[in-house]
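Single chain ahead, by itself, as structure tokens, in the form predicted alone.
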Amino acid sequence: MKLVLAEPRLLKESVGIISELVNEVTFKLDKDKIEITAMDPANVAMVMFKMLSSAFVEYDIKGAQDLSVNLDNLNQVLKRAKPSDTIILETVDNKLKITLKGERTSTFSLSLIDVEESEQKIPDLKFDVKVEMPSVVLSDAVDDMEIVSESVALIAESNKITVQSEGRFNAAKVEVPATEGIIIKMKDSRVLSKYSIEYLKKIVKGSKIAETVDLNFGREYPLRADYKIMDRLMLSFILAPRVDND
């Protein structure tokens, strides 16, 4: 196996975000893509990552294979990659060899590990609402909510999306009207669902990767967030709803 990536941020930022949810993962590789499907230890959030072969300047995979790694270790290595570097991934003697090539060449070897996990199946969800919006708008709104409560409500209406949080003594609300850059498609006139601020803070870091985010949710229903770069990668999350009354 040999993969050469000329845009390091695609892998660097993705692994950094995923590593906040899961520690050990299995990369599944075939002739078309590399992908991850994993559930966080608390079974609250699922992460799906897919990078297409077209994202690489060289993509040499001989047959389907699985590579299991400690994601914290991989993240620490990828943090050393500069924006102008080229990342080269190879398997050598049951190790993942990572070369960062730029003004200087750095080489790292990470031991592959055995991960005992059942195959994660992506649930077939039927959503009431789909919102397409700038990813930074969602990220900023979630940041605003953090000072108030441990949960955040997403409220969809035909003409706006509202992000709000209510604590015992304080409240905060961000209203984002439907404009040319924000598309809201829904079946009902108003849909509300609450989610953990802890997990949303991690998920909205996808704004580092893609300029837009697709949000799908329903009333007291899981949230799916998709960050996509056409013909290169997709980073997606499914987050269970909060049903408390805070």
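Computed from a prediction, not measured in an experiment: that's the story for all the values here. In this text, residue numbers run from 1 along the sequence as written.
Form predicted in complex with another copy of the chain: not shown, discussed below.
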Considering non-hydrogen atoms and a 4.5 Å limit, does another copy of the chain approach A171 in the predicted complex? yes
Check whether I147 has any heavy atom within 4.5 Å of a heavy atom of another copy of the chain in the predicted complex, and answer yes or no. yes
Residue-level question: is I88 within 4.5 Å of another copy of the chain in the predicted complex, judged on heavy atoms? no
Is there a non-hydrogen atom of D140 within 4.5 angstroms of a non-hydrogen atom of another copy of the chain in the predicted complex? yes
4.5 Å heavy atom contact with another copy of the chain in the predicted complex for all of Q76, K95 and F108: yes
